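Subsequent text provides structure tokens for two forms of one protein chain, presented individually as structure 1 and structure 2.
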Structure 1
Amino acid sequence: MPDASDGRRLVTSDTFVSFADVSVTYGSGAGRVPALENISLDFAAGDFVCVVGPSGCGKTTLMQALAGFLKPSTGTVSIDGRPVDGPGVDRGVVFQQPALFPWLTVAGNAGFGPMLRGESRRDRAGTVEDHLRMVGLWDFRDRYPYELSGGMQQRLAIVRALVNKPKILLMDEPFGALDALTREKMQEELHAVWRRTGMTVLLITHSVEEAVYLGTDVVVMSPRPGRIIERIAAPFARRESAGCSRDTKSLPAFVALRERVLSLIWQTAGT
């Protein structure tokens, strides 16, 4: 692997997602906000990239550019060598608010993508069932989203994205609104999904612990203007799954890495 010894991965031949010198500026004139400035970031298929940094450093903007919801002011974002031009099924998105469709049942929400593609209810039933069973929502298939708890709603939002078999899963603080216990459970489930599917994940999070625990790479950003100040490889996501998450999270190596990332964020906030 062409990794530098400090853990920073250089541009590699197996690049899958690439931000090349991307800048995004909101507004104009006096109200101009440089949300991202000269971002260059590459990662390979199967990477689990976690982005951390103080509020307003451009994490959401970064994700929106990859999702195709906004066009960079300069630079390009590309996937597998093709420039991103608008949103598409190859990139699933999950937000902090589940943003489900309350007029559809749980099964209707899960099968939303296949329904758009004209699959009949019968055609999509199998996939929908598999996915709902996977996250324990099968018994709730005929309920409506507002009848679910916050954690269940977020599971459904993830399922709605996964059903489309995206190559990349983009998540913007998906567990930020959940209580601590639910959050840890969701981390395990997400980790399991990633292991099983080998999907590429971009996860934005406020929790450094979550980033170090789930990520193969932790990207630290700083605000005004939004920049990447550090990219650190994290070994814990690819560990042989043994023991419970609390054991991993209390390993000296884990604590050391978590503190290192935290101090980086402190530095950015201090300037």
Structure 2
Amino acid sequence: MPDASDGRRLVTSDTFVSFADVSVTYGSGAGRVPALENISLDFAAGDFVCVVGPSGCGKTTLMQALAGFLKPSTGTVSIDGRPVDGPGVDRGVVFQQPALFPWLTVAGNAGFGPMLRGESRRDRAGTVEDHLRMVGLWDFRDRYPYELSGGMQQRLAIVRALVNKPKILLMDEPFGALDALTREKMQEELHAVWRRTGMTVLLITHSVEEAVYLGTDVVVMSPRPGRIIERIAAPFARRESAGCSRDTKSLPAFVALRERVLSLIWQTAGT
């Protein structure tokens, strides 16, 4: 898909998600705070788009607009040609904290969404088993969230989003609270799930390395009010893995792209 000269992707027949001149302002009068300014961004089904930028640049606001949690002050957000006018089952959201139900088992948490949708007990059991096996949690199906590690809890949160069969998975710093080793492992597992399902993903992260490793595209945002500085295609997500994530992250091309993105963030943060 072609790119515009300013880094924004041109809208074509392949466009699945589109932000068209989106601005978001909080408050009014003297308390008015512009969070996003004239965001135009689109991507295709199956893309894994990672958004990075300094703290307070509007990354989470961008995700919330796509989730339907807030309405843009100006501009429109659309999915598959239809304007977003509120939350919907076509979007699954994973936050930094898993927000699991402590009184439900792993299987109960995973099956909560299908139960609310009226899925039969038999179908629900099959859906839950398939997804828990996919992320390595089937053997823990009768455990409760407090019996799981942080990484396992986050895997369960991802399953809770996936079982509802969303068109898009939205992730806001999902690994930010994890230790470095667990975070690395979760990146590998998320990458494997994405390759297996072909799902469209929008991930918000402060980790440039994470964005370059997971993303098919890395979107760099400016300090508030958030604007798109540059959109960079990243080739590593679709690369056939030759081993663990460290193998990819040690490639000279990976290091060069990571440093390029970091440089963009540093340059704009200092302006």
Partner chain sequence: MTEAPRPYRWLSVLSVVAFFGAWYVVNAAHLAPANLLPSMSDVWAALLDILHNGYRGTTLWEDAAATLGRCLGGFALATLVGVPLGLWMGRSRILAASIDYILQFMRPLPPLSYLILLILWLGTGDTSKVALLFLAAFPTIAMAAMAGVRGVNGQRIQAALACGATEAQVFRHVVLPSCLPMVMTGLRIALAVTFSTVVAAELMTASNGLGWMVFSASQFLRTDIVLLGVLILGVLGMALSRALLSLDLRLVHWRGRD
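Residue 1 is the first residue of structure 1, and the numbers go on in sequence order from there. It should be emphasised that the depicted structure is a prediction, and the values quoted were computed from it without experimental measurement. Basically, rigid core = biggest C-alpha set you can superpose within 1.5 Å across the two forms.
Form predicted together with the partner chain, is that 1 or 2? Form predicted together with the partner chain: structure 1.
Can we say the CA of D90 moves by at least 2 Å between the two structures when the core is superposed? Stays below the 2 Å threshold, so no.
Cα displacement of R143 between the two structures reaching 2 Å, rigid core superposed: Where the cores coincide, R143 still shows a C-alpha shift between the two structures that is 2 Å or more.
Could you check, with the core superposed, whether the Cα atom of R196 shifts 2 Å or more between the two structures? Superposed on the core, R196 moves its C-alpha less than 2 Å between the two structures.
Report, to one decimal in Å, how far the Cα of D123 moves between the two structures once the rigid core is superposed. D123 is displaced by 3.2 Å at its C-alpha.
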